[in-house]
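Below, in structure tokens: the form predicted alone, a single chain.
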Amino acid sequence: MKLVTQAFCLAIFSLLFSPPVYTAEPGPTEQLQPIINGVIAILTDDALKGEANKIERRKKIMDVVSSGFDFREMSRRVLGSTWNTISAEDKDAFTVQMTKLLENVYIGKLETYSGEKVDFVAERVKGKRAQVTTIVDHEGAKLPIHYIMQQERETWMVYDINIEGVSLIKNYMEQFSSILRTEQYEGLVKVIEEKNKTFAEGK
């Protein structure tokens, strides 16, 4: 899990610090450029640095990232068939908790960017699905990272990240499946809420 966490953070770094790739028409990579610029502006803003500004900084980062990452789709896929058995209110509540978990686990790592070299190497589009591939040079190792996206009207949204064959969605599905089998949906929600509470308390 630690390796996947580090790799996911590098995936975010590749999104933030790579040069734009332009096509004849706005495509998945090009549509991510406002997100890149917005997060860079937050990370480099002296007024938002430091522990005292953590809450405001994280909120601003999540506001920007949310414009290009479909956390509801991530939540739906993580729950699998269980998603279809819960109410609309529960779906909204689960999406909030799952988004907060992803924020707690990953977003803080963005602030530790240490100059990893990132190259966009490919963009593949098939209908309303796309995969944007980057190579991250981390401590001499070449790490391939694939952003899995889908088109929602005119916008391309990230709903999964695949790192060396490891899917973020699949990783969480495997973690949650055993809890769902033994504790049911309500038990899973309690586990996620406790994790988020622990992060909030700084433990």
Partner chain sequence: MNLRFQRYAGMKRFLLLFLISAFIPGAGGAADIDLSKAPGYKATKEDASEGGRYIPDLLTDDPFISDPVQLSGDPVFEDDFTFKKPPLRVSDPLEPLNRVFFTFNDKLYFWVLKPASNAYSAVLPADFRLIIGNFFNNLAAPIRFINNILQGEIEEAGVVLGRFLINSTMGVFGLGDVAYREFGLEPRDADFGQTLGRWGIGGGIYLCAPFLGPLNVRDSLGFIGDVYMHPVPYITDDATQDVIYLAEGRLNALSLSPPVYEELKRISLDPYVAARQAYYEYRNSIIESR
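These numbers come from a predicted model, not from an experiment. Superpose the two forms; the largest set of C-alphas matching within 1.5 Å is the rigid core. Positions refer to the first chain, counted from 1.
One more form of this protein should be noted, the form predicted in complex with the partner chain, which is absent from this view; the next part is about it.
Notebook entry, point to check: Can any non-hydrogen atom of residue 84 be found within 4.5 angstroms of the partner chain in the predicted complex?
Noted result: It does: once the partner chain is placed as it appears in the predicted complex, residue 84 has a heavy atom within 4.5 Å of it.
Note to self: Can you tell me if residue 175 lies within 4.5 angstroms of the partner chain in the predicted complex, counting non-hydrogen atoms only?
What the structure shows: The answer is yes: residue 175 has a heavy atom within 4.5 Å of the partner chain.
Check: Would residue 66 count as touching the partner chain in the predicted complex under a 4.5 Å heavy atom rule?
Finding: Judged by the heavy-atom cut-off of 4.5 Å, residue 66 is well away from the partner chain in the predicted complex.
Notebook entry, point to check: Is residue 59 close enough to touch the partner chain in the predicted complex, meaning at least one heavy atom pair within 4.5 Å?
Noted result: Residue 59: no, not in contact with the partner chain in the predicted complex.
Note to self: Please determine whether each residue of 73, 77 and 80 possesses a non-hydrogen atom within 4.5 angstroms of the partner chain in the predicted complex.
What the structure shows: Yes, all three are in contact.
Notebook entry, point to check: Are there residues in 129-165 with a heavy atom within 4.5 Å of the partner chain in the predicted complex, and which are they, in order?
Noted result: Those in contact are 129, 130, 131, 133, 135, 137, 139, 140, 141, 142, 146, 148, 150, 151, 152, 153, 162, 164, 165.
Check: Honestly, after the rigid core fit, is residue 164 moving at least 2 Å at Cα between this form and the one not shown?
Finding: Yes, the C-alpha position differs by at least 2 Å between this form and the one not shown.
Check: Just checking, between this form and the one not shown and with the core aligned, does residue 64 shift 2 Å or more at the CA?
Finding: Comparing forms between this form and the one not shown, the residue 64 CA shifts below 2 Å.
Item checked: Large Cα move at residue 138 between this form and the one not shown, threshold 2 Å, rigid core -> Residue 138: C-alpha displaced by 2 Å or more between this form and the one not shown.
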